[in-house]
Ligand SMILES: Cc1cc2nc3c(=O)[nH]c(=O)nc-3n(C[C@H](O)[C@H](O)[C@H](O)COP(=O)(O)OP(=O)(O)OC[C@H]3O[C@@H](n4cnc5c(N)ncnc54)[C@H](O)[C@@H]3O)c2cc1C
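Just one chain is shown here, as structure tokens, and it is the form predicted on its own.
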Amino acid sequence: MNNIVNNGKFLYASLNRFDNHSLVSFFNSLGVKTKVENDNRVFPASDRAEEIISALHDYLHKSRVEIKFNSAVKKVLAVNNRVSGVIIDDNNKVAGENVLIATGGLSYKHTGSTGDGFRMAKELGHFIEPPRPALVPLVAGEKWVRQLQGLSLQNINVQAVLREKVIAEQIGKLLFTHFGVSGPAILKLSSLINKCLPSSLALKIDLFPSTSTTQLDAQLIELFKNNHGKYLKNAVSDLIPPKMLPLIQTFTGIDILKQVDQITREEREKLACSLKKITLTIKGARPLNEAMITAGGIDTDEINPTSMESKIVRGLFFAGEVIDVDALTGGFNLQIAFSTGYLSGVSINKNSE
């Protein structure tokens, strides 16, 4: 639950009913062998996503589920607050006492995530928490980030600061891009701060989170002693990524062509402090279509958490990203989709008995 960003309590019932062990067992029962990799992430042993799709397709076929291709749903029909079916894009009606909306969010539109689920739920009286990008790269205001494009930093600490208060923090990998920053640490951070955007945030980057400023200063003293007569840029080339060296003057005002013997104590200490607190101004996030997931969605207060059925329209169910729930990276969003989908299915089956 610690990895769920929004409305984690709402998911208690669905995650308890169908947890990660249940999901792995389900795919194993379909003949999909799995493996556990870094951070306990589970993948098909074959490393082929197609194997998952094929297994699900075969399972549906054996269960005699009718799949209608090229039949986009235009509208969900309801009479007296009770589902009666759907209208598809050829204007034909498909009757039904239960409808499950599992259309995803607005991320990666080329996969079919067009936001139709939000529209259909809204038409039936549901409140939609405005969709926003999550697990998404961030846009920086400083132009100098372009000079670092492609630079990847491992095991750095990054803090999001709003009005001098740290509101989120992550340790991990960071990647500089032509527009700002990305990488696992930034993607996770973006989900924790997306409600604050587009307010301008400060991003504090610590290149050496396991080393104090005093310890880093001591390392610089030793480096300068062992590189007597050398330019600063050459003396610190093993400590600071080469691509970042030209920006030392931007961060500190110190000329990198200055000999280390001529660098004052104050300049050295300033360099140590700067490497522990590189600051960026975050202007916002990249567009929703570039986000890994969509935050926001159908208000959880209007959904029964023990069945995933609408509290407004009987026979209307929801699952996955269309609901106002989201989590960090690591397979947690997929688990939410499978768990809410399973609970919806079980509930629909009960309704049909």
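Quick caveat, the model's predicted, so the values are computed rather than measured. Don't overthink the numbering: it's just position in the shown sequence, from 1.
Absent from the display: the form predicted in complex with the named molecule. The rest refers to it.
- Between the named molecule and the residues 229, 112, 242, 130, the one pair within 4.5 Å by heavy atoms in the model of the complex involves 112.
- Within 4.5 Å of the named molecule in the model of the complex, a heavy atom is found for not a single one of 4, 184 and 202.
- When contacts are judged by a 4.5 Å heavy atom cut-off, residue 296 does not count as touching the named molecule in the model of the complex.
- In the model of the complex, no heavy atom of residue 206 sits within 4.5 Å of the named molecule.
- By the criterion of a heavy atom within 4.5 Å, residue 13 is excluded from the residues contacting the named molecule in the model of the complex.
- Looking at residue 23, you'd find every heavy atom of it more than 4.5 angstroms from the named molecule in the model of the complex.
- Stretch 112-120 is the answer when you ask which of 112-120, 172-180, 229-237, 268-276 has residues with heavy atoms within 4.5 Å of the named molecule in the model of the complex.
- Counting a residue when any of its non-hydrogen atoms is within 4.5 Å of the named molecule in the model of the complex, the hits in 92-110 run 102, 103, 104, 108.
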